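Below you'll find only one chain, the form predicted on its own, shown as structure tokens.
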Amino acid sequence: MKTSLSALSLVLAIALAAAAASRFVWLLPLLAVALPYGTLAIFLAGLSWRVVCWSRSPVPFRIPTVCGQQKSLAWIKSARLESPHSTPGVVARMALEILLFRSLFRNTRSRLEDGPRLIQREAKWLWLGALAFHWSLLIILLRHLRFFVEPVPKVAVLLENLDGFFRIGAPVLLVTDVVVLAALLYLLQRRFRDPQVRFISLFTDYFALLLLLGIAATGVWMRYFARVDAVAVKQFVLSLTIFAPALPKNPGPLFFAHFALAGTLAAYLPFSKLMHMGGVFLSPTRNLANNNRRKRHINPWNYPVKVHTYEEWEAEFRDKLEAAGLPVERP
């Protein structure tokens, strides 16, 4: 509980500090210029550092994680997706993993019950919550392109029209706004409710979830309740994208709280577990074909090693072997 309260306190402190600082004109350059460019620099530097470190990690042989029959003899049926042996199979497997979280779909929970008996059950709610969150977040990010690009891309307009298909309220209620909040609340309460998950949860786990929840909550509040001037916000964001920053025209403290939380997430992302969004593409357990039986892979870093063969060992201890009455291969 202390860990989660510490994470919540830090998120609230960031939001309240940004909202309070927006009241002072002399702090606006710090919030509107230094913060976005600084967090962007940290994000790009951290992302590059992580990618370089991953690319330099030696992978001398194929180590894919598979759960199916490997390709071997022609009369043995292989699992093309569970144990792909070709590039198309790897691409299909990666696509299902990235787009539909295929491995998480097969997740099970183990629990000791009366007996004691080890009971395994399906855990589809975690898969559904994670899938709903990630897809909603992707759509929200694509919808935000209307603030960064002029003219607005057609994909952003199309997604917003589909998102508000039910045409409820004014402004129109967007489905992903509701889904992303519900998914984040589910993932958060899961860490509190499940004793096993709560036991292994760290400060960073709560901080990432609460940071995302704070960004989503402030964004939803601005759209439906606070009614921030979207034109002024777009002019401000466009000025940042062309590296000619212009101070925003009083968008309100809630906008700066949202802006500061988003910047914190960008700076924190490369150094956190959230970096799995990039790591999944570079993981040798996922992006390699399982063809160890069809092709011999030799470690390129192998160096000559002096070996002691059995024949040499037998010649060295021949007299002792014969004295003990032990058989030798070469008389």
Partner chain sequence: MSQPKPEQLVQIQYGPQPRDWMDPAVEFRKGTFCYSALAKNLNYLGLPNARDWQPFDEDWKLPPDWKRIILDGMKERLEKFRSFRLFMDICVRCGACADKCHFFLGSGDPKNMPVLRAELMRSVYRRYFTLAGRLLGRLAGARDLTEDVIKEWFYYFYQCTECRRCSVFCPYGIDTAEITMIGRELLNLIGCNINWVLEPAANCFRTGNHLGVQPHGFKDSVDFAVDELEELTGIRVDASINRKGAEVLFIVPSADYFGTPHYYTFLGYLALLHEIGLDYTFSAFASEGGNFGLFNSHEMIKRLNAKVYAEARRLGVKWILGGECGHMWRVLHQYMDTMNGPADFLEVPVSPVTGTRFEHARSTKMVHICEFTADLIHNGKLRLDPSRNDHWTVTFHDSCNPARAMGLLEEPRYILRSVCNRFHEMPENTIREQTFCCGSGSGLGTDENFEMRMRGGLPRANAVKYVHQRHGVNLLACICAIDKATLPPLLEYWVPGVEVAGVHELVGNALVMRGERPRLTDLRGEPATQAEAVHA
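Since the model is a prediction, treat every value here as computed from it, not as a measurement. Residue numbers count along the first chain shown, from 1. Rigid core here is just the name for the largest C-alpha set that superposes within 1.5 Å across the two forms.
There is another form of this protein, the form predicted together with the partner chain, and it is not shown here; the text below is about that form.
- With a 4.5 Å cutoff on heavy atoms, Leu104 counts as touching the partner chain in the model of the complex.
- The closest non-hydrogen atom of Phe317 lies within 4.5 Å of the partner chain in the model of the complex.
- Although the partner is absent here, Phe192 is not a contact residue: none of its heavy atoms lies within 4.5 angstroms of the partner chain in the model of the complex.
- Val175 falls outside the set of residues with a heavy atom inside 4.5 Å of the partner chain in the model of the complex.
- For the partner chain in the model of the complex, the listed stretch (255 to 263, 178 to 186, 210 to 218, 196 to 204) containing residues with heavy atoms inside 4.5 Å is 196 to 204.
- Contacts between stretch 57 to 71 and the partner chain, counted in the model of the complex as any heavy atom lying within 4.5 Å, involve Ser57, Pro58, Val59, Pro60, Phe61, Arg62, Ile63, Pro64, Thr65, Val66, Cys67, Gly68, Gln69, Gln70, Lys71, listed in sequence order.
- The Cα shift for Trp26 between the shown form and the other one, taken after rigid core superposition, is smaller than 2 angstroms.
- With the core held fixed, His297 shows a CA shift of 2 Å or greater between the shown form and the other one.
- Core-superposed comparison between the shown form and the other one: the CA of Gly115 exceeds or equals a 2 Å shift.
- Note: Gly115-Ile200 Cα separation is 3 Å or more longer in the model of the complex than here.
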